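A single chain comes next, written as structure tokens; it is the form predicted on its own.
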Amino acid sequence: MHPLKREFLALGILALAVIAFPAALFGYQTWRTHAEGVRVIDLVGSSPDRGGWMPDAIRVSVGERVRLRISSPDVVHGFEIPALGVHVEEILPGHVQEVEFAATQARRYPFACTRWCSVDHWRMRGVIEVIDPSQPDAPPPTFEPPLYQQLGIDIDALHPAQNVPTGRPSVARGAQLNLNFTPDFRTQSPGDVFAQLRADSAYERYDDMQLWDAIAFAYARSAGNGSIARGAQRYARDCAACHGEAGDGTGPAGRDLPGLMAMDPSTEAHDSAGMVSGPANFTDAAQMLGANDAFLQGKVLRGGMGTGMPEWGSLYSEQDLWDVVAFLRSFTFDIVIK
């Protein structure tokens, strides 16, 4: 072949690669967007300092089939829409993960990153708003107030137990005592239960530590192994970074949080009430044994209101919240998690 013809042929092939391939790719992407009656939405997850989720608000219709194409330009992220059962374990930089869903109820569905991506990881949240086109002005669904509100508990106040055990109450030792009482730990704190037992003549032959062991066993029995184990998984994923694996408030991401001092920074309040900065210390027996489960559930549900503690009520189901609370007791009670 003549050299000039070969040159023209090479230029033709190059033009085909430069023009035709992108056009074909664009056509393929367009086909994917509209194929099979599925609405395709690109969702990009970046570290919070680079914008977080983009977009962080998505609006779709009831029954609409939606395919999310999720990508990350920087670090590994995870993705979850808890109320829709949508979960992506990891989104690797430069890769695309696809998930599909169709919401059957008009409401707001929060989503979040589930992988530790930065110190501001907890800011990586967004919402999918599902509307019913046939009822655009329908009022939002109403929900029953959380238990702490029904009970009138001030979850911004400290409620230390008046009596604290000298050691760590043991579920195993409590089981051997074979004491049969069934407190409602959602409305009664362990400290309340101890005071009742101590004032009851039927239990006067038991010393204080035995009563605390019996209370630990009663709690583990009422919560159930399944709930405690599920709570342990949630805690490891969502809480340990701030509160620490040991629950002592020394997690690497929580060291600079303002904590309770943000609610009352006065020196007097700090000295008299023992307020501290940073995340809550779940190994503090006085505070944990003085709080009922409704109090703890309210803190997890609502967050710390200015302390840096995020709310989890929009992402956790009711059962998720109680599971986490059940696990938190393992930092005070000697509970074997199965």
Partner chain sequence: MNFHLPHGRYYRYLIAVSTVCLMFAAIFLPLPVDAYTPETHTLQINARTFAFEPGSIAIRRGDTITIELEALDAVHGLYLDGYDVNLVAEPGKSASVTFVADKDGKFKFRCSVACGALHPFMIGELNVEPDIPLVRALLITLMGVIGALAFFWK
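Source: prediction; values computed, not measured. Numbering follows the first chain given and starts at 1.
What comes next is about the form predicted together with the partner chain, which does not appear here.
For the candidate set 156, 192, 74, 248, a heavy atom within 4.5 Å of the partner chain in the predicted complex is found for exactly one residue, namely 74. The contact with the partner chain in the predicted complex, taken as any heavy atom within 4.5 Å, belongs to 117 out of 211, 128, 228, 117. Picking from 100-108, 201-209, 164-172, 233-241 the stretch near the partner chain in the predicted complex, with a 4.5 Å limit on heavy atoms, gives 233-241. Contact annotation for residue 224: none of its heavy atoms lies within 4.5 Å of the partner chain in the predicted complex. Not displayed here, the partner chain is approached by residue 255 to within 4.5 Å at the level of heavy atoms in the predicted complex.
Looking at residue 133, you'd find every heavy atom of it more than 4.5 angstroms from the partner chain in the predicted complex. The shortest heavy atom separation between residue 93 and the partner chain in the predicted complex is within 4.5 Å.
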